[in-house]
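So this one's two forms of a single chain, laid out as structure tokens and tagged structure 1 and structure 2.
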Structure 1
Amino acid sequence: MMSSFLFRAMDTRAGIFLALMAAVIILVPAGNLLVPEGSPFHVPTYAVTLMGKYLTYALLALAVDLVWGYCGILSLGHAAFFALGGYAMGMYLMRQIGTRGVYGDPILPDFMVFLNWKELPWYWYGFDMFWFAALMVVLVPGLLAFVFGWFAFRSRVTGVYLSIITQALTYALLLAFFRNDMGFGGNNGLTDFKDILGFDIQADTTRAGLFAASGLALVLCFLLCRAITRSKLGKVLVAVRDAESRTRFLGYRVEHYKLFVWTLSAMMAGIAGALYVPQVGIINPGEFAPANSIEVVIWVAVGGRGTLVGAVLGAVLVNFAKTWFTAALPDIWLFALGGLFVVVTLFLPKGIVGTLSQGWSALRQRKVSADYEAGSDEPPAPPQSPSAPAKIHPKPAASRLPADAEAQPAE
């Protein structure tokens, strides 16, 4: 059962993606650590870190795509889960500082000493242990998502209403984390990390390791998402996306399905956040900003919602563009980003990957039917209804959004 579940994740497209990812995961750290600095193939450390950041963004985009692209839940609050995962990791990293902080307190992080706190708040307990922090990275976002989703989906809050309250959720968290007495460093957040699992966080090797870990996490989550979306559960999700109430009348408990992917997606976002923090070296409440969540959505839209590869591609492309623009033409970036939102929704509703694979399958189908007319003398079985189209006309990029347009053979 399990093997067939995983087996399902594999096909050519997944294969290409995995091969590419494997190459990246191996070549980039190698280019940094093994190739000498003078060589044109040397990858500078800052680039490793930057690309590592992109990979965590890609993972976040994957999480958003799972709920939005496949289940129709437009979350404007996924940055919250990302940030919570990041904070959990940040708390671990803070505890690792130990006496090396400015105030040298062995237990209390600097900001607590600064605020004159006498002892560690109870919710900081355990974060000195990596396994505990790692658990919290998935558990905290997962639990929040579960509770939130439990209420929201059970009362059938859908569409824009859901989007708006997810935005309210992250906004509320933003305000809360800005408060000093929350015990998460207030405005400044958590920073000045020293090491992770005993390795110096600034060291090239650690950076390369974090990069590889991000790539690995992305690959694993990609496979998991792939297995899910290609299972019958994935079909139910798409059914929910396209006709929620119809799915109910078939006997599916829509809220359970939504809760399942929603929670899973939040956990993935948490992992992404946890990998992000050690690479950028800081986590602060700004990560909760509603604008961040919406930006993730546009990565997915650019790449192609409802296609996992698209989410990854979109995240990397848009962030690469962002890095480039903010360095070269900082004033233009927001125009470009804003324009991207408009252009993609108006002219590229399926995103890059969706449009490409649609074009590809249209080509293939034209070829198939051409073969058919030329080679076979037995006409196709007359369709039942006279109005039925005899030939296949893939719908133009109209208002509706088909799922992954490639045909999925029945197993």
Structure 2
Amino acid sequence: MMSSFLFRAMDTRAGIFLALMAAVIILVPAGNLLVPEGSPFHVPTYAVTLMGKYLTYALLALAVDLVWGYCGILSLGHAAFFALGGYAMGMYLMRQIGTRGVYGDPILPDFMVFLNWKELPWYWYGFDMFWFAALMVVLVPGLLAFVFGWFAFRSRVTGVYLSIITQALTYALLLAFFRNDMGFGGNNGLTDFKDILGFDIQADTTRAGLFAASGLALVLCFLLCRAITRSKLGKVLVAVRDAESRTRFLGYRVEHYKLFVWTLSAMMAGIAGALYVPQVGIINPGEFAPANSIEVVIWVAVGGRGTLVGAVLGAVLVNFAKTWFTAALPDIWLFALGGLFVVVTLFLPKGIVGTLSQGWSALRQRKVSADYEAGSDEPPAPPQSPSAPAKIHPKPAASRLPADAEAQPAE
């Protein structure tokens, strides 16, 4: 069952992506740990950390592409789920400091001692155990997304109205986490981490391990998203994106499909945030900023909406460009980055991967047409796009499926 589900995720594009990711996951840590520093093939530790951060951004972009590219839900609040996952991991890392903090308190983090807190808040209990923190990384963003989506999708809030509400959600969390009495470090957030799972968080081996973990998480989530989008469920999601009312009239419980993919996407964003925090060494309320969510949407648009691979590519390219522009053009880097977005919007409206895929399909169709005109017996077939509108059939009236069951097209 599971093998057949994952088999759906495999095709040429997915195979190329997995091969590249496998090479990156193996070669980058090896270049850092095994190659001498004087060698031109040595990968410095700061580069490993920087690329690890790019991989977490790619995972966040993948989560946004799943809901926006395939279900039509334009989320401007995914930074909230990313930050919540990061705070869950940050709370675990703070509990690991113990007596090594500035004030030497074995229980309370330094900021609580500074603010004269007398005891640990109840919602910090359990975060001294990694398994509990890992559970909260997916449970807290998933629960928030489920509750939010339950009310929003049942009320049939769509389009720009839903986008505005998601932006309001992350802004509300931003204001809440800025308060010192919330118990999350206020404006300064959580920082000064010492170790993770007993390993020094500043050690080269730990940095390489975090990089590999980020790459592995990206690969697994990519396979999951690919399997979903290529299944019957994925066809219904695309139908919801292209014609929600028609899909509902055919008998599909649209709100259930949207709630499922929305919650799954939030969990993926939480995992990305949890992997981001130990690599950058800090988590603060600035990660909730609505501008961060808008920037993620730009990553997906640049790479190619509704392609999955494009979301990963866009996140890496845009953040690499940001890193390069801030060093090469420190005074005008924002204008250079904005110009890049304008150029992509005007000349690559389908994004990089979407445009390349469209061009490749056109070349294949031209070749097939030429072969047909040269005497082939088979007429040319129209080119297929990975995000083309799905053809679905109404549910059979004779059998009523449970509300939580996947809709099956009629024979």
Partner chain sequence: MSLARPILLLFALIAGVLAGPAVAQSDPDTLRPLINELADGKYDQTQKQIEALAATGDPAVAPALEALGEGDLYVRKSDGLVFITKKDGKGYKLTDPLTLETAGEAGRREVSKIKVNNKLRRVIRSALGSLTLRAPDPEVRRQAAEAIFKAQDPDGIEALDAALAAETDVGVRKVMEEARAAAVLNSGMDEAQKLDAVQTLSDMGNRDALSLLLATQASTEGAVRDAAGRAIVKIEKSIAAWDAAQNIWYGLSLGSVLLLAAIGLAITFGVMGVINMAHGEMVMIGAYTTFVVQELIRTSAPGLFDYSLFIALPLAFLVSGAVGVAIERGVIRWLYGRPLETLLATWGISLVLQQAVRSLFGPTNREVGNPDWMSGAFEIGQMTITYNRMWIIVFAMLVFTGLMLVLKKTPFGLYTRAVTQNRRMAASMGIRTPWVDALTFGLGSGIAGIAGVALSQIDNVSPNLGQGYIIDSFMVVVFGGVGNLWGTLVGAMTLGVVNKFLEPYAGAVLGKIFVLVFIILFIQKRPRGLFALKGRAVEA
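Here, a residue number simply tells you its place in the sequence of structure 1, counted from 1. Since this is a predicted model, take the numbers as computed values, not measurements. Here the rigid core means the biggest group of C-alpha atoms that line up within 1.5 Å when the two forms are laid on top of each other.
- Comparing the two isolated chains, structure 1 is the one taken from the form predicted together with the partner chain; structure 2 is not.
- If you fit the rigid core between structures 1 and 2, you'll see the Cα of F41 move by less than 2 angstroms.
- W360: CA moves less than 2 Å between structures 1 and 2 after rigid-core fitting.
- The two forms, fitted on the rigid core, differ between structures 1 and 2 by 2 Å or more at the CA of L346.
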